[in-house]
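Next up: just one chain, as structure tokens, the form predicted on its own.
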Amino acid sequence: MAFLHRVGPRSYAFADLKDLMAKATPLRSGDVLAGIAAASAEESVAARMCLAEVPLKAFLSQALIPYETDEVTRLILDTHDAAAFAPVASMTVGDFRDHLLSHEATPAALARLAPGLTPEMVAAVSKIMRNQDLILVARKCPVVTRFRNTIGLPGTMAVRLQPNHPTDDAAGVSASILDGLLYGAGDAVIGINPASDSLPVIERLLKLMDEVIGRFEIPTQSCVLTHVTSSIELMNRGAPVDLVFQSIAGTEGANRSFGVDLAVLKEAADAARALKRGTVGQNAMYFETGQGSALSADAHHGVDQQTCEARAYAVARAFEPLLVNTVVGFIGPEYLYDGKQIIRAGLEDHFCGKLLGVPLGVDVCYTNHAEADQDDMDSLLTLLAAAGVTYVMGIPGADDVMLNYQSTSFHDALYVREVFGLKRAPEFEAWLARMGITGPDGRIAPASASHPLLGFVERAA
């Protein structure tokens, strides 16, 4: 089905809904690289005006990626909740934007609506929204999950403590864990990207984190961000696996490039929940995503990268994860060229994930060859905090010495807590106070040379 729209004396034609969505996307280098971006700013405006008139229900009858050839499309359409969709079923994309910005779209109403929305619907409406619209609506969509603490409550922001080390050295990892805990980070997860794929090395890291969590009774969870099949094998061996991690994408082909499909994700989710290692809940999966992954795998089917990213959130929500985050600037400038594109993408991803009912956090980050710097990350971090982001990363000095990219530091989290009055997960907040890490006002207190946590690093060394 072709779409036509006139802007002044010119008419613009769009071959189908997929073409219209791509042309309506705010400019980004990945869509240019894929050859699907609008040729001009005027064509992009025409596409957005045309997209605003498309009925939401069109996305249920016009699959951007064929149902027969893609299991993610089948998941999206087979699990669509028609009853939840009913309140907005008669709306166009433009009507839906107006509704989301209205007082009628309360947090409770949006939570009821989430199962009735497809990723394509939320991607479409995001394309005709300003940044402030994305912030306002996302703020109305808290998503609460639980394992050993409670993530995502309104007025909170959690932090993943990311103690990566280029050689997986126990003392180096332990020092970073100590650093993060003493700055009040780690309520989302203590999560290590291992340098090695060796199962003995990964098991050693799991045991290291399990020891510190158990010894000091920290109400948090650990994760080694290895391939899901490695986590399954480690669970079979009896290793202390809390959260099972996997990178995911929005098409079957892109997921295949990661070495996964929906069946193996279900196997892992079932195995992790069966361990019952959570104390206040059993949301046991952790997923990472990022705009450009489907294009990088040559598995985007001509769909724009932001819509492919939104489809990844449909994969995530099927497994009731504790945490999901977009690693927004990590894939590089081939997909998000500069700070402006990274900021827009971060707000889009957060909005789409939250509207779909996914506990979305953001790795506010960039690679050193992108046209971006830490001031851009400060801007995005601040905007996301205003939007109610579930969690962000905490990395010593904001510089990941293993993955070689720039993210956010423990100090950055303290900054946004101060500006917005944000709390940590309540169980973790109480633990910090008991340990004397925070004072009566909730702020970080000076650590004494005899603090019990210091001995943990000495033993690891």
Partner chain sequence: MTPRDPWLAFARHTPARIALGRTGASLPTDEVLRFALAHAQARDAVHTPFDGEAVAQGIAELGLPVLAADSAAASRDIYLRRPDLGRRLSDESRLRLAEAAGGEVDLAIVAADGLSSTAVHVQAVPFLAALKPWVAAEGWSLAPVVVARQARVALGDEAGALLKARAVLVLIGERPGLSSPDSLGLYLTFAPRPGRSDAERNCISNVRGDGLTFEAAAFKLSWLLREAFRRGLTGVDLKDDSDAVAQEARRPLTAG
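Numbering follows the first chain given and starts at 1. On a predicted model such as this, the values are computed, not experimentally measured, just so you know.
Although it is not shown, the form predicted in complex with the partner chain is what the next lines describe.
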Contact of Leu355 with the partner chain in the predicted complex (heavy atom, 4.5 Å): no
Heavy atom to heavy atom, is Met1 within 4.5 Å of the partner chain in the predicted complex? no
Exercise: Pro26 in contact with the partner chain in the predicted complex, heavy atom 4.5 Å: no
Any chance Thr251 has a heavy atom within 4.5 Å of the partner chain in the predicted complex? no
If we take heavy atoms and a 4.5 Å cut-off, which stretch out of 428 to 436, 60 to 68, 47 to 55, 412 to 420 is in contact with the partner chain in the predicted complex? 412 to 420
Hey, with the partner chain in the predicted complex, do Ala171, Tyr337 and Thr367 all fall inside the 4.5 Å heavy atom range? yes
Taking the partner chain in the predicted complex as the reference, which of Ile128, Leu178, Met91, Leu136 has a non-hydrogen atom within 4.5 Å? Leu178
Residues in 215 to 251 with any heavy atom within 4.5 Å of the partner chain in the predicted complex: His227, Thr229, Ser230, Arg237
